[in-house]
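What follows is a single chain, given as structure tokens, in the form predicted on its own.
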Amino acid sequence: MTAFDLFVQYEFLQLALLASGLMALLAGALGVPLVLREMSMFGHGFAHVSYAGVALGLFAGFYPLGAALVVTVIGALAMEWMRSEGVLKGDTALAIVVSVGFALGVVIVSLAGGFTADLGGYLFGSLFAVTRTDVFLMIPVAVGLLGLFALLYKEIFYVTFDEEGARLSGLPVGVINVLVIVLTASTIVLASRFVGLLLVASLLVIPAATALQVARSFRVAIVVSMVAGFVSALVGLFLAVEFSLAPGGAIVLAAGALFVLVAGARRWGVVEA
């Protein structure tokens, strides 16, 4: 039986495809402004901070992703405040918040003395354990986040390329930055359920980097990044089913392979930048 036959036959694979595809589209859109603003590592930082939220949720008996969302947004806002106010440079603020957040998660796990199996599912992803409830909760949130991104497109574009000019023109740069940070943190938390906290930031960075190899405008870069993310999710899932691979890792490897292919094509003149 081929991977295609299995996807047709089993609902959990269909749910996995829907969930990962939708999250790849969302991450692809948000990844472009992050990469252009040289904030790629912030995605990895958010993923590490969300580890503390997941651990706290499991320890306190809350829905882990809900707790992770709250903790991640708080950590993300702290990073943005330190960066924007000049308290610390962006990479230093990131290092501090990531270290504290991850250490908090480690301490909570040691206090609990258990649930390592449950936590492992969030660290490495459990895409094939996605339920209808997960998907039904995720779809309206993901669609809402995409809608908010589309609504703020012009403002995000302006701030991405000329933050100081946007501020002088009267745009609420601080508010826009906070919204982008919250969007990114929310995407990290939602996607971590399927790809895993250790790999989820790759969905933000690699498709965006692929798009920027060939796109000639911000809008085209976002579209290409979303397509690259979706194709990576699709190919990665089929490879995972066909060869019994870890789905999160297969998706990221597919994204990396696509980047190498596009970058190589540009390098050798097959496509023009």
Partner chain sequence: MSPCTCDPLLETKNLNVQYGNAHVLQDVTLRIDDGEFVGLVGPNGAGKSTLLRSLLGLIDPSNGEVCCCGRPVHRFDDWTRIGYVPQHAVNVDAKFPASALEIALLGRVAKRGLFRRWTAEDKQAANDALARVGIDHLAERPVGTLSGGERQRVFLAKALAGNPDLLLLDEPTAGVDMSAREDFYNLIDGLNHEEGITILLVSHDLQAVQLCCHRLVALNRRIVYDGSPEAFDEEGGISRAYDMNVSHHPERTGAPP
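A quick note: this is a predicted structure, and the numbers were derived from the prediction, not measured. Residue numbers count along the first chain shown, from 1.
There is another form of this protein, the form predicted together with its partner chain, and it is not shown here; the text below is about that form.
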* Quick one: which of 133-141, 158-166, 70-78, 183-191 gets within 4.5 Å of its partner chain in the predicted bound form, going by heavy atoms? -> 158-166
* Asked: Should residue 100 be counted as a contact of its partner chain in the predicted bound form, where contact means heavy atoms within 4.5 Å?
  -> no
* **Contact test in the predicted bound form: residue 217 vs its partner chain, heavy atoms, 4.5 Å** => yes
* its partner chain contact at residue 36 in the predicted bound form, heavy atom, 4.5 Å -> yes
* Is there a heavy atom of residue 221 lying 4.5 Å or less from a heavy atom of its partner chain in the predicted bound form? -> yes
* **Contact residue in the predicted bound form, chosen from 65, 212, 235, 41 - any heavy atom within 4.5 Å of its partner chain** => 212
* Can you pick the one in 151, 96, 112, 106 that has a heavy atom within 4.5 Å of its partner chain in the predicted bound form? -> 151
